[in-house]
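One chain comes next, on its own, written as structure tokens: the form predicted on its own.
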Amino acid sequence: MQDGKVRWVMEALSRYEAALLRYAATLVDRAQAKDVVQETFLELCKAEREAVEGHLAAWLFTVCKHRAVDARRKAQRLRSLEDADVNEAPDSGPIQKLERRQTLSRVGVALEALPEREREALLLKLDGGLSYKEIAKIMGLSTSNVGFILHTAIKRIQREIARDSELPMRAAGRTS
């Protein structure tokens, strides 16, 4: 690679790596997310700079999404090849879920509770800094649908935070 292209890829890596990792982690597990983001930047190294410049963020998030979908499909194929009698580890019980929730911030909990499509759109907007048009292209939706999804996601988060804030007050009111 030429020096100019190396510098350009390194700048993109510095600017978008963290947001892409967070986004990929919503689509695949954290370990796979690192591989997905690495593959995304390898694609950037192969891409013609002129073809990507001007819409770099949208291009990166689109490639990231495609790589994550590929990784999920591959994982599903591998699981289907495993012996059907092998039991997977049971899900966390209510106590573990409660402990985990207590360690997360209210916003983080609310974000995790969002439906996948709403969470994806919100992370593309907040972490990726993408426009509605860019998000629409990545998610295969209309721009107005993206606006509706983002509005719905924000309202859900606001309600969840308000509800969580009321719980301690209700409990305190019952004990007095």
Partner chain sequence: MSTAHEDPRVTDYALGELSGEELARFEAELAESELLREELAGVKSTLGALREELGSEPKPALDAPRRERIAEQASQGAPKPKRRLRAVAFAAMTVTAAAAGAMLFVTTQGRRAEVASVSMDKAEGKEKGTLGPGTAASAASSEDMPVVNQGQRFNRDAYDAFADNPFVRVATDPRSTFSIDVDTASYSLVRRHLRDGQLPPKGAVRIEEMINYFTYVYPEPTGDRPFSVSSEVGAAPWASGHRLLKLGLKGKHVAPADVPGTNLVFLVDTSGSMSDENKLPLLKQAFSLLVQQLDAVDRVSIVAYAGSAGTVLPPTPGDQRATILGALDRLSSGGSTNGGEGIQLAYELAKQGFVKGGVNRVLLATDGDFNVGVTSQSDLVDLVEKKAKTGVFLSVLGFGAGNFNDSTMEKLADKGNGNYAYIDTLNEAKKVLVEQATGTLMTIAKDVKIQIEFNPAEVSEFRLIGYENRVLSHHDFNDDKKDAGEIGADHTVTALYEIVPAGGAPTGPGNDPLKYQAPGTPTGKAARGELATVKLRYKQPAGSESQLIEVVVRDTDAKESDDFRFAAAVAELGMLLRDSPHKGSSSFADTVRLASSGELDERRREFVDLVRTAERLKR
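Residue numbers count along the first chain shown, from 1. Fair warning: this is a prediction, and the values are worked out from it, not measured in the lab.
In what follows, reference is made to the form predicted in complex with its partner chain, a form of this protein that is not presented.
- Heavy atoms of every residue among Ala18, His55 and Gly129 are located within 4.5 Å of its partner chain in the predicted complex.
- Residue contact with its partner chain in the predicted complex: Arg117 places no heavy atom within 4.5 Å of it.
- Proximity of Ala113 to its partner chain in the predicted complex: non-hydrogen atoms within 4.5 Å are absent; the residue sits far from the partner.
- A residue is said to contact a partner when one of its heavy atoms sits within 4.5 Å of a partner heavy atom; Glu43 meets this definition for its partner chain in the predicted complex.
- Interface membership of Ser142, defined by any non-hydrogen atom within 4.5 Å of its partner chain in the predicted complex, is ruled out.
- Taking its partner chain as it sits in the predicted complex, the stretch 4 to 29 comes within 4.5 angstroms of it through a non-hydrogen atom at Lys5, Val6, Arg7, Val9, Met10, Glu11, Leu13, Ser14, Arg15, Tyr16, Glu17, Ala18, Leu21, Arg22.
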